[in-house]
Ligand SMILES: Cc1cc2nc3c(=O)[nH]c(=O)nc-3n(C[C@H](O)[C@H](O)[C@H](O)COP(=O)(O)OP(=O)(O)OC[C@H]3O[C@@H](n4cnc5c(N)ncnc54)[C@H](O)[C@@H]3O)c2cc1C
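Quick setup: one chain, the form predicted alone, written in structure tokens, and binding and motion questions come after.
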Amino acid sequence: MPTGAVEDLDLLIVGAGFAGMYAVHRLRGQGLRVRAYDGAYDVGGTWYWNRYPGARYDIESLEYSYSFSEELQQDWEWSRRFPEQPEMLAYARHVADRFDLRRDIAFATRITSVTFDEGDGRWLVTTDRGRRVRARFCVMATGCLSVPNVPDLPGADRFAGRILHTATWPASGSGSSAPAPRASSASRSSPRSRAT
């Protein structure tokens, strides 16, 4: 689509984690034109970004997995009751593959502005890639962990070592096959919102 063109959607979804993926699947199944946008290079949300050693979920795997499809529940077997990050991410990718969700998700794309046009009752959205989108509804599926909390520690600005944050952990050496974030977390860069 040319940069100057405006894409018309029924629903625009911000985030491609578990909530965003379900919204794409469910709303697309109702015949609506939907597209999700995520700053990551793949699905998974929290499980894409939080890849620090030992990251795992504190709820049993069967409670965290999707229940909208009996076939999906039957064809995925969890390795443990409380899965670790690589398995959570693998599950998210499996769901995206099984339901062909990626075709309606724009990755490595952040939303830069959202305005409501009172005249025609639509949201006007602009991305950091220059795309413009007009949608009847805007669904914020960013979750509660989309913006890393960076504590204001006295003297942190003078620390000469490497600073790491759990939400911007480097992909190398973590067991995750996800590509590294666009903004390096290995230096002094401040974490940005992950889902927008």
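For every residue, the number given is its place in the sequence shown, counted from 1. Please read all numbers here as calculations on a predicted model, not as lab measurements.
Keep in mind that the form predicted in complex with this ligand is not shown, yet the notes after this line are about it.
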Contact at F18, G39 and D58 by this ligand in the model of the complex, all three, heavy atom at most 4.5 Å:
yes
Name the stretch: of 23-31, 58-66, 131-139, 152-160, exactly one has residues whose heavy atoms fall within 4.5 Å of this ligand in the model of the complex.
58-66
Contact label in the model of the complex: G143 to this ligand, heavy atom within 4.5 Å:
yes
If we define contact as a non-hydrogen atom of the residue within 4.5 angstroms of the partner, is W169 a contact of this ligand in the model of the complex?
no
Decide whether R110 counts as a contact residue for this ligand in the model of the complex under a heavy atom distance cut-off of 4.5 Å.
yes
Within 4.5 Å of this ligand in the model of the complex: residues from 41-69 (heavy atom criterion)
G44, G45, T46, W47, W49, N50, Y52, R56, Y57, D58, I59, Y64
